[in-house]
Structure formats: C-alpha cells, structure tokens
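Only one chain comes next, encoded as structure tokens, the form predicted alone.
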C-alpha cells in the first residue's frame, strides 16, 4: 500500500516538473484536501497555456540549432518543436492539444443563437438529419430538406429570384456567429446596389454544401449562395465558407460550384469576402455559368 510519504514525494515531483517547464512559480492551497502538509506552499492558479506565448515556445531540449527551429515554427501553425518525454508529448503541448480538441468538439455540437437569426429575420428549417449525431454520420441527409422544410420554403420564399442566399450551420455554428454580422449585410447591400432581385433569406439546421441543389428545386433561382460553417480544425472553429452555384440542379456537383473559404478575422476578412462574393455572382450571371464551366469561359475570353 502506498504511504503518505510516497504521495507527498509524487506531489513534490509533479510540482517541480511544472515549475521547471515554467508553469506557475508559486505554491498555494489547491491540494489542501490531498496533501495538507503542502497547503501553504502549493498554488495551482496557473496561466492560460493556450495563449500565443505558450503556442510559439519551443519545448525541445538541447536544440542544436535553436534559431533554425524558431524560424521553422514561425512559418506554420503545425505542431512542431513540442518535444517529448519518453514516448509522449511534454505536458504543456499535450494540454494545448487537449484544449484545442475541446474547442473542435464544442463547435461541432453548438447550436446557433436564436437571437442572431431574429436579428437578420432568418426563419429556420431543417434537413432530413434528425439530430447532430445522425447529421455527422449521414452526410447525405444533410443534402436534402425535410418535408416540413420543403413546405415552409414553398410558402415563405420568393420564387425565381436572381440570387437566393441562405445560411447553414454546417460543421460549425460558431463560425456563423463569428461572421454573419459582418458578411451578410455586405452581400445584401452589394446585390441591391447591383439591381439584382434577392430571394427570401433563411437558416438551415444540419445543412451540407450539396443542399444548394435541393433548395433550388423549390426557389428556382439563377444563383444560389450559402454561408456555411467549415469543418473546425484543432482550436479553430470560427472559419466559414460561401458556396455558390449557377442554377444548381439535382445532379450538380462540386465541379459546378465556386467557393470563398477560410472566412474569419485573421483569415479571409468577412467584409472583403462579402464584396468578393457579390462580384463573383455578377460574373456567374454574366456568363450564365459557375465552377469549372465559368473558369473555362473566362479563360477562353482572355485569350
């Protein structure tokens, strides 16, 4: 049986390692219930290790060329220079990884704020996916509207517009909450200034990109546009994309669509992305094409 003396030794070893790695320099009372003898010494009010200071730090010991490693680390967000302790990551890089993974999980299962939808007068419909788990396991269900959604769009949406714009959570509702307030008004105002007839905007829960086809089977727009949350990366949940297609049909594929991606403050600026989307829509309407067809037409016209 392990003794109290052995427990105290383990605690001292953990504290010493944390201090050696620069995480907390003082002790306090957080482990009072575990080790009363250390109550006056231990402090676990630790700093936020997800900040840039800890993300950009090298955890490799005895680096032969530290300047080269720092230069390499500055060129990529990839997890390099994290060091190792035996067969595993060092503590701080491991904790950062777990924190980033938690952000990803939160983004996948987050629900949109109803107040945000009300702010932009977006009524909500849903695809054939009945819940988030089914949506993640069955992408095909996210490409088709539910019967109730089809009925709602038939009743509420303007038919035969020049542009039908709708919003979808995709794989990150957080991305919509981060970007909608900036990009949505820019697109709307740009289309109005261009004299284009807009359809009735709405919000789709559990939507995939291919839903453009099903939406257009109801509204019959010249161009269908969706702002959708991108697949979150580790620690990155706020990136959205805008997918567009000219007269999407039931058999339209990714080759028939265009996209403006990585939209967030720090990536593609939402305001600039909105303006670019409007210009892209104008090109689609001018050439009556999108995706590969649009590129081939424009390449031919430039020769």
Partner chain sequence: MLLRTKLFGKTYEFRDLRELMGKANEDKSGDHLAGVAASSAIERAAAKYVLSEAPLWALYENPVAPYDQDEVTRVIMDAVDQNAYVQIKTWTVGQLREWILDNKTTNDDIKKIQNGLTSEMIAAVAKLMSNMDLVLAASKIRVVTHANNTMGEMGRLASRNQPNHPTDDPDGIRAEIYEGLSYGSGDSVIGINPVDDSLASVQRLLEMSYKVIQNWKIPTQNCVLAHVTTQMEAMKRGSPAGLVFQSLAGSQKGNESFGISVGMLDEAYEIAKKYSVVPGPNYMYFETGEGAELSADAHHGWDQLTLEVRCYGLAKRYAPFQVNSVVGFIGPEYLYDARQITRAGLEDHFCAKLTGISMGCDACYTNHARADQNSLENLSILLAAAGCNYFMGVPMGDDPMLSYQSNSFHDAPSLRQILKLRPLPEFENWLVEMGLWDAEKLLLTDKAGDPTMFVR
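Rigid core (definition): largest C-alpha set, two forms, superposition within 1.5 Å. Residue numbers count along the first chain shown, from 1. The structure presented is a predicted model; accordingly, all values stated were derived computationally and were not measured.
The form predicted in complex with the partner chain exists for this protein as well; it is not shown, and the discussion that follows is about that form.
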Looking at 122 to 130, 81 to 89, 162 to 170, 195 to 203, which one sits within 4.5 Å of the partner chain in the predicted complex if you count heavy atoms only? 81 to 89
Tell me, yes or no, whether residue 112 is in contact with the partner chain in the predicted complex, where a contact means a heavy atom of each within 4.5 Å. no
Might residue 63 be said to contact the partner chain in the predicted complex, defining contact as any heavy atom within 4.5 Å? yes
Residue 147 near the partner chain in the predicted complex, any heavy atom under 4.5 Å? no
Any non-hydrogen atom of residue 231 within 4.5 angstroms of the partner chain in the predicted complex: yes
Any residue of 106 to 140 with a heavy atom within 4.5 Å of the partner chain in the predicted complex counts; write them all down in order. 108, 109, 133, 136, 137, 138, 139, 140
With both forms fitted on the core, give yes or no for whether the Cα of residue 73 moves by 2 angstroms or more between this form and the one not shown. yes
With both forms fit on the core, has residue 99 moved 2 Å or more by CA between this form and the one not shown? yes
